[in-house]
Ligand SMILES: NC(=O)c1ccc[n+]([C@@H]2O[C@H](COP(=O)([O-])OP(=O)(O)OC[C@H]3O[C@@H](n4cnc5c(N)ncnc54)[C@H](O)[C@@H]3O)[C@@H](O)[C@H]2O)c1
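Take a look at this single chain in C-alpha coordinates; it is the form predicted alone.
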(Lines give C-alpha, C1' and ligand atoms only; values in the text may rest on other atoms or scores of the structure.)
Protein backbone atom coordinates (compact mmCIF):
# COMPACT_ATOMS: atom_id res chain seq x y z
CA UNK A 1 0.00 0.00 0.00
CA UNK A 2 1.42 3.34 -1.08
CA UNK A 3 -1.40 5.83 -1.58
CA UNK A 4 -4.02 6.79 1.00
CA UNK A 5 -6.92 9.20 0.68
CA UNK A 6 -8.60 11.01 3.56
CA UNK A 7 -11.99 12.51 2.72
CA UNK A 8 -12.85 15.27 5.17
CA UNK A 9 -10.13 17.59 6.43
CA UNK A 10 -11.73 18.67 9.69
CA UNK A 11 -11.15 17.73 13.33
CA UNK A 12 -10.08 14.14 12.59
CA UNK A 13 -9.21 14.26 8.91
CA UNK A 14 -6.24 16.59 9.07
CA UNK A 15 -4.68 14.52 11.86
CA UNK A 16 -5.26 11.27 9.95
CA UNK A 17 -3.51 12.72 6.91
CA UNK A 18 -0.60 13.71 9.13
CA UNK A 19 -0.31 10.20 10.62
CA UNK A 20 -0.09 8.53 7.22
CA UNK A 21 2.26 11.19 5.82
CA UNK A 22 4.59 10.74 8.78
CA UNK A 23 4.44 7.02 8.08
CA UNK A 24 5.81 7.60 4.58
CA UNK A 25 2.60 7.24 2.57
CA UNK A 26 1.48 9.49 -0.27
CA UNK A 27 -1.68 11.12 1.09
CA UNK A 28 -4.50 12.86 -0.72
CA UNK A 29 -6.47 15.09 1.66
CA UNK A 30 -9.84 16.02 0.21
CA UNK A 31 -12.58 18.42 1.25
CA UNK A 32 -15.25 20.46 -0.49
CA UNK A 33 -13.70 23.79 0.51
CA UNK A 34 -10.25 25.18 -0.26
CA UNK A 35 -10.49 27.24 2.93
CA UNK A 36 -10.92 24.05 4.98
CA UNK A 37 -7.85 22.54 3.31
CA UNK A 38 -5.79 25.64 4.05
CA UNK A 39 -6.89 25.44 7.67
CA UNK A 40 -6.04 21.73 7.75
CA UNK A 41 -2.53 22.39 6.49
CA UNK A 42 -2.05 25.03 9.18
CA UNK A 43 -3.22 22.60 11.87
CA UNK A 44 -0.87 19.89 10.62
CA UNK A 45 2.04 22.32 10.76
CA UNK A 46 1.09 23.27 14.32
CA UNK A 47 0.83 19.59 15.30
CA UNK A 48 4.29 18.88 13.92
CA UNK A 49 5.73 21.84 15.81
CA UNK A 50 4.28 20.42 19.02
CA UNK A 51 5.74 16.98 18.32
CA UNK A 52 9.12 18.54 17.50
CA UNK A 53 9.01 20.49 20.76
CA UNK A 54 8.97 17.24 22.75
CA UNK A 55 11.46 15.45 20.50
CA UNK A 56 9.00 13.23 18.63
CA UNK A 57 9.47 14.81 15.21
CA UNK A 58 12.52 16.06 13.34
CA UNK A 59 11.84 19.54 12.00
CA UNK A 60 13.97 18.86 8.94
CA UNK A 61 11.22 16.49 7.76
CA UNK A 62 8.60 19.24 7.91
CA UNK A 63 8.58 19.98 4.20
CA UNK A 64 8.50 16.30 3.25
CA UNK A 65 5.43 15.66 5.40
CA UNK A 66 3.45 18.85 4.81
CA UNK A 67 4.36 19.71 1.23
CA UNK A 68 5.51 16.53 -0.52
CA UNK A 69 3.54 13.66 1.00
CA UNK A 70 0.18 15.42 1.35
CA UNK A 71 -1.74 16.62 -1.69
CA UNK A 72 -4.58 18.96 -0.74
CA UNK A 73 -7.44 18.82 -3.22
CA UNK A 74 -11.15 19.61 -3.58
CA UNK A 75 -11.43 17.18 -6.52
CA UNK A 76 -12.72 13.87 -5.15
CA UNK A 77 -12.06 11.96 -8.37
CA UNK A 78 -8.40 13.00 -8.40
CA UNK A 79 -8.08 12.30 -4.68
CA UNK A 80 -9.12 8.65 -4.94
CA UNK A 81 -7.96 7.74 -8.44
CA UNK A 82 -4.79 5.91 -7.35
CA UNK A 83 -5.44 5.09 -3.69
CA UNK A 84 -5.46 1.64 -2.14
CA UNK A 85 -7.12 2.89 1.06
CA UNK A 86 -9.78 5.59 1.32
CA UNK A 87 -10.91 6.77 4.77
CA UNK A 88 -13.93 9.02 5.13
CA UNK A 89 -13.98 11.40 8.07
CA UNK A 90 -16.96 13.56 7.20
CA UNK A 91 -20.07 14.66 9.08
CA UNK A 92 -21.94 11.95 11.01
CA UNK A 93 -24.98 11.91 8.75
CA UNK A 94 -26.23 8.58 7.31
CA UNK A 95 -27.55 10.23 4.14
CA UNK A 96 -24.31 12.13 3.54
CA UNK A 97 -22.15 9.09 4.17
CA UNK A 98 -24.33 6.90 1.96
CA UNK A 99 -24.00 9.38 -0.89
CA UNK A 100 -20.25 9.66 -0.38
CA UNK A 101 -19.68 5.89 -0.37
CA UNK A 102 -21.64 5.66 -3.61
CA UNK A 103 -19.23 8.15 -5.15
CA UNK A 104 -16.17 6.49 -3.62
CA UNK A 105 -17.28 3.14 -4.99
CA UNK A 106 -17.72 4.67 -8.44
CA UNK A 107 -14.47 6.65 -8.49
CA UNK A 108 -11.99 4.51 -6.54
CA UNK A 109 -9.95 1.64 -7.99
CA UNK A 110 -11.86 -1.67 -7.62
CA UNK A 111 -9.22 -3.05 -5.27
CA UNK A 112 -9.32 -0.05 -2.90
CA UNK A 113 -10.52 -0.52 0.68
CA UNK A 114 -13.25 1.96 1.66
CA UNK A 115 -13.09 2.77 5.36
CA UNK A 116 -15.18 4.93 7.67
CA UNK A 117 -13.97 6.77 10.75
CA UNK A 118 -17.53 6.98 12.07
CA UNK A 119 -17.84 7.41 15.82
CA UNK A 120 -21.22 5.75 16.31
CA UNK A 121 -23.06 4.97 13.07
CA UNK A 122 -23.52 1.42 11.81
CA UNK A 123 -22.62 2.16 8.21
CA UNK A 124 -23.32 -1.44 7.21
CA UNK A 125 -27.04 -0.74 7.58
CA UNK A 126 -27.16 1.92 4.86
CA UNK A 127 -23.93 2.01 2.82
CA UNK A 128 -24.29 0.31 -0.57
CA UNK A 129 -21.28 -0.53 -2.76
CA UNK A 130 -20.24 -3.07 -5.35
CA UNK A 131 -17.43 -4.10 -2.99
CA UNK A 132 -19.04 -4.94 0.39
CA UNK A 133 -16.07 -7.16 1.22
CA UNK A 134 -13.80 -4.12 1.11
CA UNK A 135 -15.91 -1.83 3.31
CA UNK A 136 -14.83 -1.49 6.94
CA UNK A 137 -14.99 0.84 9.96
CA UNK A 138 -11.64 2.10 11.23
CA UNK A 139 -12.43 4.35 14.18
CA UNK A 140 -9.45 6.39 15.36
CA UNK A 141 -9.26 8.08 18.76
CA UNK A 142 -8.69 11.84 18.84
CA UNK A 143 -6.16 13.14 18.28
CA UNK A 144 -4.91 10.41 15.90
CA UNK A 145 -1.37 11.79 15.73
CA UNK A 146 -0.99 11.19 19.49
CA UNK A 147 -3.44 8.47 20.62
CA UNK A 148 -2.10 5.14 19.28
CA UNK A 149 -5.33 3.17 18.97
CA UNK A 150 -7.70 2.34 16.11
CA UNK A 151 -10.87 0.28 16.49
CA UNK A 152 -11.32 -2.13 13.57
CA UNK A 153 -14.97 -3.08 13.06
CA UNK A 154 -15.62 -5.41 10.12
CA UNK A 155 -19.11 -5.71 8.69
CA UNK A 156 -21.11 -8.84 7.87
CA UNK A 157 -19.56 -9.00 4.39
CA UNK A 158 -16.06 -7.72 5.13
CA UNK A 159 -13.56 -10.33 3.89
CA UNK A 160 -10.64 -11.73 5.93
CA UNK A 161 -8.34 -10.20 3.33
CA UNK A 162 -9.59 -6.73 4.24
CA UNK A 163 -8.84 -7.06 7.94
CA UNK A 164 -6.72 -9.44 9.96
CA UNK A 165 -9.17 -11.45 12.07
CA UNK A 166 -8.61 -13.31 15.30
CA UNK A 167 -11.22 -15.87 16.29
CA UNK A 168 -10.13 -15.89 19.91
CA UNK A 169 -10.69 -13.37 22.68
CA UNK A 170 -8.67 -10.36 23.67
CA UNK A 171 -6.41 -11.06 26.64
CA UNK A 172 -6.67 -8.96 29.82
CA UNK A 173 -3.36 -7.38 28.79
CA UNK A 174 -4.77 -6.49 25.36
CA UNK A 175 -7.84 -4.84 26.86
CA UNK A 176 -5.84 -2.84 29.39
CA UNK A 177 -3.26 -1.78 26.79
CA UNK A 178 -6.01 -0.53 24.49
CA UNK A 179 -7.77 1.29 27.32
CA UNK A 180 -4.61 2.98 28.58
CA UNK A 181 -3.68 3.97 25.02
CA UNK A 182 -7.04 5.65 24.39
CA UNK A 183 -9.49 6.66 27.11
CA UNK A 184 -6.87 6.45 29.83
CA UNK A 185 -4.39 8.61 27.95
CA UNK A 186 -6.90 11.42 27.45
CA UNK A 187 -8.81 11.26 30.72
CA UNK A 188 -6.26 13.00 33.03
CA UNK A 189 -5.99 15.93 30.61
CA UNK A 190 -9.49 16.32 29.20
CA UNK A 191 -11.76 14.69 31.78
CA UNK A 192 -15.33 14.03 30.63
CA UNK A 193 -16.77 17.48 29.95
CA UNK A 194 -13.79 19.14 28.23
CA UNK A 195 -13.47 16.12 25.94
CA UNK A 196 -16.89 17.00 24.52
CA UNK A 197 -15.63 20.49 23.69
CA UNK A 198 -12.68 19.04 21.79
CA UNK A 199 -14.86 16.51 19.95
CA UNK A 200 -17.40 19.19 19.06
CA UNK A 201 -20.83 19.72 20.57
CA UNK A 202 -22.40 19.35 17.12
CA UNK A 203 -20.91 15.85 16.83
CA UNK A 204 -22.15 15.02 20.33
CA UNK A 205 -25.61 16.24 19.33
CA UNK A 206 -25.59 13.83 16.36
CA UNK A 207 -24.44 10.98 18.60
CA UNK A 208 -27.23 11.60 21.11
CA UNK A 209 -29.80 11.54 18.31
CA UNK A 210 -28.78 8.03 17.28
CA UNK A 211 -31.70 5.91 18.47
CA UNK A 212 -30.54 2.75 16.71
CA UNK A 213 -28.09 1.88 19.49
CA UNK A 214 -29.42 -0.36 22.23
CA UNK A 215 -27.16 -1.27 25.16
CA UNK A 216 -26.87 -4.98 25.95
CA UNK A 217 -29.22 -6.44 28.55
CA UNK A 218 -27.81 -6.30 32.07
CA UNK A 219 -27.41 -9.90 33.28
CA UNK A 220 -26.46 -9.07 36.85
CA UNK A 221 -23.58 -11.55 36.72
CA UNK A 222 -20.57 -12.62 34.66
CA UNK A 223 -19.70 -16.19 33.70
CA UNK A 224 -16.01 -15.30 33.68
CA UNK A 225 -16.10 -13.65 37.11
CA UNK A 226 -18.15 -16.50 38.58
CA UNK A 227 -15.65 -19.05 37.25
CA UNK A 228 -12.63 -17.19 38.60
CA UNK A 229 -14.15 -16.62 42.03
CA UNK A 230 -15.02 -20.31 42.26
CA UNK A 231 -11.34 -21.07 41.69
CA UNK A 232 -10.21 -18.65 44.38
CA UNK A 233 -8.84 -16.12 41.91
CA UNK A 234 -10.03 -12.97 43.70
CA UNK A 235 -7.43 -10.54 42.41
CA UNK A 236 -4.49 -8.92 44.16
CA UNK A 237 -5.66 -10.12 47.58
CA UNK A 238 -5.05 -13.76 46.54
CA UNK A 239 -2.15 -13.15 44.14
CA UNK A 240 -4.21 -14.13 41.11
CA UNK A 241 -7.17 -12.66 39.26
CA UNK A 242 -7.21 -11.76 35.59
CA UNK A 243 -3.46 -11.32 36.09
CA UNK A 244 -1.04 -13.55 37.91
CA UNK A 245 0.93 -11.52 40.46
CA UNK A 246 3.23 -14.40 41.37
CA UNK A 247 4.47 -14.76 44.89
CA UNK A 248 5.05 -11.05 45.51
CA UNK A 249 3.74 -9.84 48.89
CA UNK A 250 0.62 -7.72 48.57
CA UNK A 251 2.55 -4.85 50.15
CA UNK A 252 4.98 -4.85 47.20
CA UNK A 253 2.17 -5.00 44.64
CA UNK A 254 0.37 -2.07 46.27
CA UNK A 255 3.62 -0.12 46.62
CA UNK A 256 4.33 -0.43 42.89
CA UNK A 257 0.82 0.81 42.09
CA UNK A 258 1.01 3.67 44.56
CA UNK A 259 4.40 4.91 43.37
CA UNK A 260 3.15 5.06 39.79
CA UNK A 261 -0.01 6.88 40.85
CA UNK A 262 1.98 9.38 42.92
CA UNK A 263 4.35 10.07 40.03
CA UNK A 264 1.40 10.59 37.70
CA UNK A 265 -0.31 12.83 40.25
CA UNK A 266 2.85 14.93 40.62
CA UNK A 267 3.23 15.20 36.84
CA UNK A 268 -0.38 16.29 36.40
CA UNK A 269 -0.04 18.75 39.26
CA UNK A 270 3.04 20.29 37.60
CA UNK A 271 0.96 20.77 34.45
CA UNK A 272 -1.84 22.42 36.42
CA UNK A 273 -4.29 19.58 35.81
CA UNK A 274 -4.78 18.70 39.50
CA UNK A 275 -5.47 22.19 40.82
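This structure is a prediction, so every number in the text was calculated from the model and none was measured. Positions refer to the first chain, counted from 1.
Absent from the display: the form predicted together with the ligand. The rest refers to it.
This chain is displayed alone, yet in the model of the complex one of 142, 190, 136, 107 has a heavy atom within 4.5 Å of the ligand; that residue is 142.
Just one of 129, 158, 118, 182 comes within 4.5 Å of the ligand in the model of the complex, counting any heavy atom, and that one is 118. Contact between residue 30 and the ligand in the model of the complex is found at the 4.5 Å heavy atom cutoff.
Taking non-hydrogen atoms only, residue 149 never approaches the ligand to within 4.5 angstroms in the model of the complex. The closest non-hydrogen atom of residue 77 lies beyond 4.5 Å of the ligand in the model of the complex. Within 4.5 Å of some heavy atom of the ligand in the model of the complex lies at least one heavy atom of residue 199. Every member of the trio 7, 12 and 90 reaches the ligand in the model of the complex with some non-hydrogen atom inside 4.5 Å.
The stretch in contact with the ligand in the model of the complex, judged by heavy atoms within 4.5 Å, is 90-98, chosen from 90-98, 170-178, 107-115, 77-85.
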